[in-house]
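The chain below stands alone, shown as structure tokens; this is the form predicted alone.
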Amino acid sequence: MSLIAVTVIGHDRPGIIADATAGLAALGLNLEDSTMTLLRGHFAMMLICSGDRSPSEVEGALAPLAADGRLQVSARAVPEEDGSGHGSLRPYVLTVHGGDRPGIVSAVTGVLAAAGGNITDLTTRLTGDLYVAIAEVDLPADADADDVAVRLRAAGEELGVGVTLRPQETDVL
């Protein structure tokens, strides 16, 4: 079994998810991980599938999605990860809110990276002049989360936005 990363991006329309997943199912691929969203009216999908198919077979099966030129489809082989090398991690939720301006994500993620933090999910939205970002972050067990939170708030103050870091609830759905 191999892992294949599939991306579909372009103008939104009804049925993209149904068509893409039908093509993958027809190839016998298992959908292992996914994220799908609208970004300013454009559809964006990223999937990790497993099965005994090549990326070129996947692109061929999904080619009808891109036939009218409004969507782009790509498939790439990805190596399986053994899960080692990350050490002991603690999950946190980061929130950012305030007036929009360039450099917010760069400044905040720079603080996290300096602390050894890994962002596992990041969503941003701009509504009018209000900018909001929410991220799931893993910090190393030996990181001083209180110090990271202080540095995040300071970075936010320089940009005129509020930044909070709090432990993530670990309840399973």
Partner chain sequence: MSIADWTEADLGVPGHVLTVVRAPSAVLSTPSPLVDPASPEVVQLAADLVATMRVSPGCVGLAACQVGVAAHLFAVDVSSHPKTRTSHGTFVLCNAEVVEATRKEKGREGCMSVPDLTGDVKRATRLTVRGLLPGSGEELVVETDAFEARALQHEIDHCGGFLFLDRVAGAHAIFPRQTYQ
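Positions refer to the first chain, counted from 1. Being a predicted model, the structure only gives us computed values, none of them experimental.
The next section is about a form of this same protein that is not shown, the form predicted in complex with the partner chain.
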Considering the partner chain in the predicted complex, which of Asn30, Ser106, Thr123, Ser56 comes within 4.5 Å of it through any heavy atom?
Thr123
Can you pick the one in Leu130, Ala26, Ala141, Ala113 that has a heavy atom within 4.5 Å of the partner chain in the predicted complex?
Leu130
Any of the heavy atoms of Thr21 lying within 4.5 Å of the partner chain in the predicted complex?
no
Residue-level contact is defined here as any heavy atom of the residue lying within 4.5 Å of the partner chain in the predicted complex; does Val93 satisfy this criterion?
yes
Partner proximity in the predicted complex: Ile48 to the partner chain, non-hydrogen atom cutoff 4.5 Å
no
In the predicted complex, does Pro102 have a heavy atom within 4.5 Å of the partner chain?
no
Quick check for you: of 58 to 66, 143 to 151, 130 to 138, 39 to 47, which stretch puts a non-hydrogen atom within 4.5 Å of the partner chain in the predicted complex?
130 to 138
